[in-house]
Every structure is written in C-alpha cells, then in structure tokens.
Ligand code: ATR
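Let's start with one chain on its own, the form predicted on its own, as structure tokens.
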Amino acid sequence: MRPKDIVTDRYLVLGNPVAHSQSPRIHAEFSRATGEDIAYTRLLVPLDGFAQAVATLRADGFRGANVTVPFKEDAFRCATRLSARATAAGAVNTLRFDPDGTFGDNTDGCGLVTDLRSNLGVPIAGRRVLLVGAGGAARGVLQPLLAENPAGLVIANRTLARAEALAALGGTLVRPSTLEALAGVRFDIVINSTSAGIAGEVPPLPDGLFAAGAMAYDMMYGKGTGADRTAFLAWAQTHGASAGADGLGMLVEQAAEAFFVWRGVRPATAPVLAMLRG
C-alpha cells in the first residue's frame, strides 16, 4: 500500500496549441521504465497568460514543465536561473520549479543533434546546413548544430533582420538570408524550425534547395508517413530531398534530457520512439 505522505511529483507541457502533444505518452513511458513516480499532463495556455500560468503551477506544487510553441522565449524571461545552453539559445523549453526559484534549460538542440546523428545516422560535420526560421525553436538548436562542425550554416527567414540577429550569435560559419535569396543555393541538410506546419503550410522556399543525397528535417512532427507526414516533408519529397524525417525523434530525445534535468535519471529512448512510430 502506498504511504499517505508520499505525493506523486507533477509535471506538464505548456503550449498553444497543445492537444496534439505526445509528451504525456513519452513521460509516462519514461516513468514506467525508470520507476520514477511522476504524473504528466498538458495545459493550453492563453497567448498572453504564460507568466501567470507558471506562477499558478509553482503555487500549486508542480515540479516542472516542458514548454512548446509559442512560449519558449516567454519561458526564458520567466526563469530566475538559466543553464548555459538556455542562455546561449535565448529560449527555454524545460522549466524546473525549485524551492528557491525557477530553473530554465533548453534541451531542443541536443535532442535534434542526437536524433540526426544517432537515430537517423546523418552526420552534420562537413555538411551544408540550412535552418529555416529564426524564432525560439531555431535559437534553441543553433549552438548545438554549430558544435557539430558543419561546413556552413545559413539561417533563412521571411524577415532578414531577424535572421541577421540570430546569425550574429553564431560566428563566421553562419550567414543570414531571406527565403527568396536562397534561389540557386543547395544544401545537404535542410531543417524547418517554423511552426507553419501546424496550419498545414510550408514556408515559401524556392526550388532547387536540395543537394544530391540531401536530408529534409521538420522539427514539427506528423502522424506518420505518406499522407500523414508533415506538409514540409511532403513538399521536400517532391522537390528533390533524398530522405526526410519529422521531429518525433527530436521530441523523444529532448524529453529524455528534460527528464534527466528533473529527476537526475536519463531514460532509454529507443523503446519509446519505437512505440510512437508503431
């Protein structure tokens, strides 16, 4: 019988929209596999209500939260302490509610790199990388991508000024661009960091982006393959990409890192990814 004084630690994912999130399933499996006693839910947060939601969750005794679009920069501002990778990103996707404040981390970048390198077998070193979008999701993955030593990295955005601001954080390997100016340039890895896929849309990218053998990667995730894949991956398949992957593997890998931030235990990811794919 469970002792009355033991309380299950509560976590959740915050977003808008959030009903599609697979995070509750992922963390339920992590809890089962590791024996860590947690409960995990999701919460739809009003677009202007993130700070209030965090304050309420802290007061209610929650232990932490994952943060998805469009609140990663809001989460950065809410944190009272930041990890080095969150500071570098200027965005937070993982909050831990400590007695003395709110700790903010960013596990997106390591999740993306681990999925590409370990799950998909796609090396980043020496490759020409295009990062589409310059919002919080892009900020979270920029430094981990650069740490893999690509041949070069272009950040392309509808608004050049925002691409320039993010590119300035990356050093000489990074070049900003508008989407239109990509015409005639080819890449080995094209990563879509925008949330256009939520509405079933694709950023207005020119033809001819994909070099021979190129990988298209969408940080959003769909329901599967074929007709259920993301709009970006469907577009990429008809525009020269040799392979494609959505962000489900990234989601699982970043979730495992968040679980480690919260619990000090890093769960195995392969069984959970296989379950979700199945």
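Quick note: we count residues from 1 along the sequence shown, nothing fancier. Not measured: the values here are computed from a predicted model.
Not on display, but discussed next: the form predicted together with the named molecule.
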Identify whether the named molecule in the predicted complex is within 4.5 Å of every residue in the set Leu112, Asn119 and Gly247, based on non-hydrogen atoms. no
Of the candidate stretches 154-162, 181-189, 104-112, 79-87, the one with residues having heavy atoms within 4.5 Å of the named molecule in the predicted complex is 154-162
The named molecule contact at Pro204 in the predicted complex, heavy atom, 4.5 Å: yes
Though only this chain appears here, would Leu142 touch the named molecule in the predicted complex if you measure heavy atom gaps against 4.5 Å? no
Is Pro176 close to the named molecule in the predicted complex, meaning a heavy atom pair under 4.5 Å apart or at it? no
Within a 4.5 Å heavy atom cut-off, is Thr94 in contact with the named molecule in the predicted complex? no
For a quick check, can you give me the residues of 184-203 that have a heavy atom within 4.5 Å of the named molecule in the predicted complex? Ser193, Thr194, Ser195, Ala196, Glu201, Pro203
